[in-house]
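Single chain ahead, by itself, as structure tokens, in the form predicted alone.
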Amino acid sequence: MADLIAVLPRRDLVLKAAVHAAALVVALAFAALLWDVIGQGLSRLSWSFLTTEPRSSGRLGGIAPIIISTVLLLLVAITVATPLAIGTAVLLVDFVRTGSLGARIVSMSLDILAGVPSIVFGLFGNAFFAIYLGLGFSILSGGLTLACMALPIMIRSTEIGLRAVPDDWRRGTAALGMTKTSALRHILLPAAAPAIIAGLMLGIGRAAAETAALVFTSGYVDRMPGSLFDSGRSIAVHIYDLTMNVAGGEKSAYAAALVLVGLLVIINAIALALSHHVLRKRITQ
């Protein structure tokens, strides 16, 4: 092994060390964050905390309505954003000529949307969904706003996945007489499934951690929502409220943060398992 390392050019060794150092810094940063959240919030975390309603402005009780509201917000966002993201990506890759005016306009719009601050999305969601469409402060308003926020990254990920599919596959489907619908359903979208799921995970991550946009759309109410038209507080908004507005709410805030991290881990694990299932299915076929 020593002889092999000695043969490597010095620049390769420096690059290898830099890459490993960068990965180590990222891992240590995540470990430090996780250690702080676990150390501060684990003592407050319990089954009762997960299944009861908050009391005393969140200092006591649990976060059951908060968890339900967060899950409903994410479901609305995913349900709305996923078909729009896939449809837009398919349009850019297979129905619009690369470099055309329409493709440039859509691409520029995506780049601008990706850089828009979340507070601006919140103001837009409040003005359009809550007021203009009459949805008010509701889970539906918040979920639709989160869908708008997640769209750019989901579209870009799906677009990259579709462009990575070899053009020979498209020519092969055309030679076999397959319609574009059949080719997309049976060949192209399954091939791009890992990229689609990666974009979905990133979109969920951004939506679940959002605070500013939801303050203006889904609201602060911490009771159990009866429907999508009821107001609901997300975990991120709950953490912000406990930290900034509730004296003595730090322990509950850390416990809620730990629940949020756990929720994201579960969602990502499910998405990764689905991605591996799709890949194995493609290989066996």
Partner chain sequence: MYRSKVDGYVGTGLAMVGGVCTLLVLTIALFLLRESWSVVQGVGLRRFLTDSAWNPTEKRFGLAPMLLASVATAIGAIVIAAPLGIGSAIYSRFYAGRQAARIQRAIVTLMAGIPSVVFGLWGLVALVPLINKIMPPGTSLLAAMLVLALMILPTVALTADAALATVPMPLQQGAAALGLSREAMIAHVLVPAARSGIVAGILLSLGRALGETMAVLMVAGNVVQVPTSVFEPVRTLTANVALEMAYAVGDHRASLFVSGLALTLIVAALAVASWRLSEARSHG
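Numbering follows the first chain given and starts at 1. Please read these numbers as outputs of a predicted model, since none were measured by experiment.
Same protein, other form: the form predicted together with its partner chain, not shown, and the subject of what follows.
- The candidate stretches are 67 to 75, 165 to 173, 191 to 199, 126 to 134, and the one lying within 4.5 Å of its partner chain in the model of the complex by heavy atoms is 126 to 134.
- With a 4.5 Å cutoff on heavy atoms, Gly115 counts as touching its partner chain in the model of the complex.
- The closest heavy atom approach of Ile204 to its partner chain in the model of the complex falls outside 4.5 Å.
- Residue contact check for Thr243: one or more of its heavy atoms lie within 4.5 Å of its partner chain in the model of the complex.
- Its partner chain in the model of the complex is approached by Leu15, whose closest heavy atom lies within 4.5 angstroms of it.
- Of the residues in 96 to 112, those that come within 4.5 Å of its partner chain in the model of the complex through at least one heavy atom are, in sequence order, Arg97, Ile105, Val106, Ser109, Leu110, Asp111, Ile112.
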